[in-house]
Every structure is written in C-alpha cells, then in structure tokens.
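Given next, in structure tokens, is a single chain: the form predicted alone.
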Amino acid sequence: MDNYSIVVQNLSKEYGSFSALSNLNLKMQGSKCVGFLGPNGAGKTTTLKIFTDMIKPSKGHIFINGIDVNREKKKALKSVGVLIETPEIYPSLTEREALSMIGQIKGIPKHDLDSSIKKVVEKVKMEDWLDKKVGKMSKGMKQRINIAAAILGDPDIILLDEPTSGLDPRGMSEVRDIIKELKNENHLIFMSSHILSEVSDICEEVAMINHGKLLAYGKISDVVSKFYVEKENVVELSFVSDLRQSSIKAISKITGVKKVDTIDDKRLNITIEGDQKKQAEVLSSIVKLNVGLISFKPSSGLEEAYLSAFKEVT
C-alpha cells in the first residue's frame, strides 16, 4: 500500500459567531477513494479549501504526506491535484493552451509538458478536442478538462469537490468512469458528493460531516451498520443499454416492487417487498421484460444510513 496520507488535527474555522468547522479530526492513508458526505452548509467545501490553503483555519493543522500545509504550503501541495467547485476555463483558449498554462503554473518542465498533457487528455478521453476552443464545448467536456488539469503531473493525492455537479446523466457517468480509473492507478482520492449512489459505486470509505463536525468515518459497510438498523430488500440492477422511461415504468408495476430509484442511465435501485423467494420472482419478471438486465446485487444501504444519520442530528 502506498503511504499517501491526509491527517487533520483539531481543525476549526469560525466566521464571527458562526462555526463552519469544529475540531475536525480525520486520518486517511493509502491508495483508495474516500467519499465526503454532508448536507449543504455542512462544511465540506470549507474543509477542502483549508486543505489547499485557499482559506486559513481558525485553529488546527492539516498534514499532507506528513507536511503541514500552513507552514510549508508549496512542498505539501506539490503532490496534490485539486478540483474545487467549478472553475471556468477561458473560452478563447484551446484545450491544449489551457492545460499548458496549468502545467506551467504547476512547474512541469517544458520538455515534459507535451507528453504530460497527452497522457491526461487520453485519460479523460478528450484527445480529439486538443486544439478546439473551450468556449465551444459542453459542460461535461469542460469538466473533463478540469479533471485533466487536476491530474496533470500525476499527483499522489486528488481532491474533488462534487465533480459531477450540474452534469447530465451521460456526463456524470463519463466523469465517474474517469475517477474509477484514477482510483485503480494508486491515488488517494478525497471526493465530496451529494450523490450517494455515486459514492457507493466509486468509494471504499466515507466520512460524514454535519455542522462542521465529523459524524463517522470508515468503510461504507461499517458506517451503514452504525446508522442503518432496519434493512430493506434493496437491489441494484444494471442494464446493457440506456433505459427508456417505458421500461422503468414497467419494472415499477411488477408485483412486489415497492420503489424504483434511478441511479444513472443504465442502473436502478429497486426496493422489493417480501423474502428472498419474492426477490427471485421479481428478478425473473424483470428478465421476462427483455429490457437488457445484465447483473444485480444488494444495494450498499448508504442512502438509508445517510438519511438515518442526519435525522438523528437534526
């Protein structure tokens, strides 16, 4: 396991009488993806901005790979790639020009810059647009360029602030696939998100925060066990191609299906009433619809745990 690490010690941030963060302690180590969860105003973006020294903490410390960000910012952040909120790229620049500018800011040597840009645009599948102006691109394409900018220079640690926010289902799916590939390439990824199915799909661990305080951190299964007691029969279904609304409606009408939730174009969560025999009957009925079902698995239960956790602290 790689020894990448983010260590947060007693981190607090006050704005007058308002406490955005309160004695946050967190330790993440190794190559993995950690989801950062919490409602709006919980302190997620504030935390990420303190991690990168965009804002200063009122007290406490953040160490990246053992280096204090406040005391040695340049050294600590040298191995970090960041995408916070939704940065705008100058529309008059081409993708190559925008990434070249970022590469120079990062201090990538000129003789390595072209190959570094080629590497990241291939990862985000934007190589055919290298010399096209950014202003003519869709929001999803711009976000892929933002991710390319974040991973330019092959950082050990990647910080992502709601990377799929505002994208259509196809754009969300494309960005998730990119993050999955990055996770398999030995990075420590810390990713905030409001989309629980996305976190379940990508991350091994989650940290939950509310009103600036940490509620839980650990493996998804452990966090689910902590907050979610009464488990329903929730099954995640995957399909070979994009689902039509007529197919989703047909599934929802099957006897025993209590609820249908769309994850993305090709995946659903269904809640089934009854025992395992009833689950088998429901799945058999879905197969008979001939809508391209290719796999199914129990849901992680993260959504139920999340709702339970924040109900308890409201």
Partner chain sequence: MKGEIDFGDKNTVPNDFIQTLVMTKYASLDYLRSRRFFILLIISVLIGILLTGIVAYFRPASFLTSSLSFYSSWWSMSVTFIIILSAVFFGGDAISGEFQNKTGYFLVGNPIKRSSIYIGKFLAAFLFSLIIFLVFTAITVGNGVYYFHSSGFPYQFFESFLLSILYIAAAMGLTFFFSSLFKNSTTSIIITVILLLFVFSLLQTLVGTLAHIQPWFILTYGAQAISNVLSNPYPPAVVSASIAPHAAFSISSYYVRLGEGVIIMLGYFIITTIAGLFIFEKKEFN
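Since the structure is predicted, the reported quantities are computational estimates derived from the model, not experimental observations. Numbering follows the first chain given and starts at 1. Just so we're on the same page, rigid core means the largest C-alpha set that superposes within 1.5 Å between forms.
Below, we turn to the form predicted in complex with the partner chain, even though it does not appear here.
Requested in this report: Have a look at 243, 235, 157, 89 for me and say which one sits with a heavy atom within 4.5 Å of the partner chain in the predicted complex.
Outcome: After the contact test, the surviving option is 89.
Report task. Only one of 197, 210, 173, 100 comes within 4.5 Å of the partner chain in the predicted complex by heavy atoms, so just point that one out. Result -> Here the answer is residue option 100.
Query raised in the report: All three of 187, 258 and 291 touching the partner chain in the predicted complex at 4.5 Å, heavy atom to heavy atom?
Result: Spot residues vs the partner chain: no contact at all.
Query raised in the report: Picking from 174-182, 214-222, 109-117, 187-195, which part of the chain touches the partner chain in the predicted complex when contact means heavy atoms within 4.5 Å?
Result: It is the stretch 109-117.
Query raised in the report: Wondering, does residue 74 line up within 4.5 Å of the partner chain in the predicted complex on heavy atoms?
Result: Yes, residue 74 is a contact residue.
Query raised in the report: Does at least one non-hydrogen atom of residue 226 fall within 4.5 angstroms of the partner chain in the predicted complex?
Result: No, residue 226 stays farther than 4.5 Å from the partner chain in the predicted complex.
Query raised in the report: Does residue 250 reach the partner chain in the predicted complex if we count a contact as any heavy atom within 4.5 Å?
Result: Looking in the predicted complex, residue contacts with the partner chain do not include residue 250, since no heavy atom lies within 4.5 Å.
Query raised in the report: Even though the partner chain is not shown here, does residue 49 get within 4.5 Å of it in the predicted complex, heavy atoms only?
Result: It does: once the partner chain is placed as it appears in the predicted complex, residue 49 has a heavy atom within 4.5 Å of it.
Requested in this report: Go through 7-23 residue by residue and record those having a heavy atom within 4.5 Å of the partner chain in the predicted complex; state none if no residue qualifies.
Outcome: In sequence order, 13, 15 come within 4.5 Å of the partner.
**Report entry** C-alpha of residue 180 off by 2 Å or more between the shown form and the other one on rigid core
**Finding:** After core superposition, the displacement of the residue 180 C-alpha between the shown form and the other one stays below 2 Å, so no.
Report task. Align on the rigid core first; then say whether the Cα of residue 132 has moved by at least 2 Å between the shown form and the other one. Result -> Yes, shifts by 2 Å or more.
Report task. State yes or no: after fitting on the rigid core, is the Cα displacement of residue 157 between the shown form and the other one at least 2 Å? Result -> No: residue 157 shifts by under 2 Å between the shown form and the other one.
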